[in-house]
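One chain is shown next in structure tokens, namely the form predicted alone.
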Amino acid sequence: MTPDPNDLDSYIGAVRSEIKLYGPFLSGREIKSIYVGGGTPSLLAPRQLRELLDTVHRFLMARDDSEVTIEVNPESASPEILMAMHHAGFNRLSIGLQSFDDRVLTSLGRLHDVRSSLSAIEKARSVGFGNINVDIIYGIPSQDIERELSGIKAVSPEHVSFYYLAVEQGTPLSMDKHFKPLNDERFEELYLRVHDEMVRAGYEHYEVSNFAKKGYRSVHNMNYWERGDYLGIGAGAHGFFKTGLPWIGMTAQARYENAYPPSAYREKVFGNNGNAAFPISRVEVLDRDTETLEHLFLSIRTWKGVDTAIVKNRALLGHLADDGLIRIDNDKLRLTVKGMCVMDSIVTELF
């Protein structure tokens, strides 16, 4: 169901009001990436897209070379909306392709097919997008991984996110009694195959699930993995600041979550008296142990790795290295590709 334009206008008005609230507290703080996603941003009118970015540039300090990403689904990627996105100032497009196999797309309950996916990429290129990410899901037993890899090589996006299948309640797969997730051996086989072929095709495997051509790592995601500060704007959005949340009088390292659903979010932003207010519904203060564990878990996902000094179970390092799961250079611990397959257990054991 298409939302009422008046509801969208009201929501965008609330988002813009929230952005303005942060201006006085972030004076001198440069913004290096902007990401519009979650939900369906392609439902927004060209005017609303421009208003969003104009508000960011007017009240916050966004760098001229900021990475500005917007998500789009293939079925809604018309030439008009893609042109509007590009003209509004978005310079990176993330397309939720999910698969290059129509059978897989059907099993996932997606509304698009492979033809519309290929058309979306072609149209995005034609309107000027030179930085495109595609999301691919793998781990479905009937899936032909070679078809997925061939599809990626054919369209040659600048960035690819490979996500292992997570079966969510209510999806067609969750109701399929015959569906069985891959065993560990098959998962490792697939993961190594994806790594080998993507590297051979000229991509850098710079994070557990992400591949990029030279110069096209995701600035936005790298900030997450490096535990950088970030604002969460909009209904249900999450934010994080190491130096605290001065807009609510908090100096401790914390993350926050905005009110949800959109109706509750709008009500909090505008308040009863019409004066804009921060729509934060929950705050979590992080203690030292949580901070260290997050740093370990996030940093070890990337090519940078972590300092061995923060590892508690140091006696295990030699065994993991002997098993080919990690490598240590100049007191820096990095996962091997094989180690990335069992990353969660490695982190648990090390900390």
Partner chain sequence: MDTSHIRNFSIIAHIDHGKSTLADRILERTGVLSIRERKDQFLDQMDLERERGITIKASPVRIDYRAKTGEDFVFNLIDTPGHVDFSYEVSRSLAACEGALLVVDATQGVEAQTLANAYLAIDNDLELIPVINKIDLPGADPGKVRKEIEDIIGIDASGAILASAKEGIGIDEILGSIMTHIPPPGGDPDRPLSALLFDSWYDSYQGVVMVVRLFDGHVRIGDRIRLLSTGRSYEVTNLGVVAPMVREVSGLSAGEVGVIIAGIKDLHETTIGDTITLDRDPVSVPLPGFKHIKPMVFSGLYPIENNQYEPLKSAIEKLSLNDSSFTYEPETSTALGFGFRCGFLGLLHKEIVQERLEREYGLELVTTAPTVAYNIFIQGDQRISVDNPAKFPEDRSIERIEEPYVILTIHIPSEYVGAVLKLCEEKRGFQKEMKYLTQSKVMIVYELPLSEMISDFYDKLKSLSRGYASMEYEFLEYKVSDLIKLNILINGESVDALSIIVHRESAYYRGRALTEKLRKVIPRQLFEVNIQAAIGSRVIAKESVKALRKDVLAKCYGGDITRKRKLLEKQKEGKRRMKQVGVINIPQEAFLSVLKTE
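Residue numbers count along the first chain shown, from 1. This structure is a prediction, so every number in the text was calculated from the model and none was measured.
The following text describes the form predicted in complex with the partner chain, which does not appear among the structures shown.
Put simply, Thr290 is close to the partner chain in the predicted complex: some heavy atom of it is within 4.5 Å. Among heavy atoms of Ile310, none comes within 4.5 Å of the partner chain in the predicted complex. Interface membership of Tyr224, defined by any non-hydrogen atom within 4.5 Å of the partner chain in the predicted complex, is confirmed. The partner chain in the predicted complex is not approached by Lys123, whose heavy atoms all lie more than 4.5 angstroms from it.
In terms of contact with the partner chain in the predicted complex, the residue from Arg255, Arg217, His195, Lys268 that brings a heavy atom within 4.5 Å is Arg255.
With the partner omitted here, the residue from Ser107, Asn73, Ser209, Asn131 that has a non-hydrogen atom within 4.5 angstroms of the partner chain in the predicted complex is Ser209. The candidate spot formed by His319, Asp323 and Lys338 lies fully in contact with the partner chain in the predicted complex, as each residue has a heavy atom within 4.5 Å of it. Residues placing heavy atoms within 4.5 Å of the partner chain in the predicted complex fall in a single listed stretch, namely 279-287, out of 48-56, 279-287, 302-310, 62-70. Residues Lys338, Met340, Cys341, Val342, Met343, Asp344, Ser345, Ile346, Val347, Thr348, Glu349, Phe351 are the members of 330-351 with a non-hydrogen atom no more than 4.5 angstroms from the partner chain in the predicted complex.
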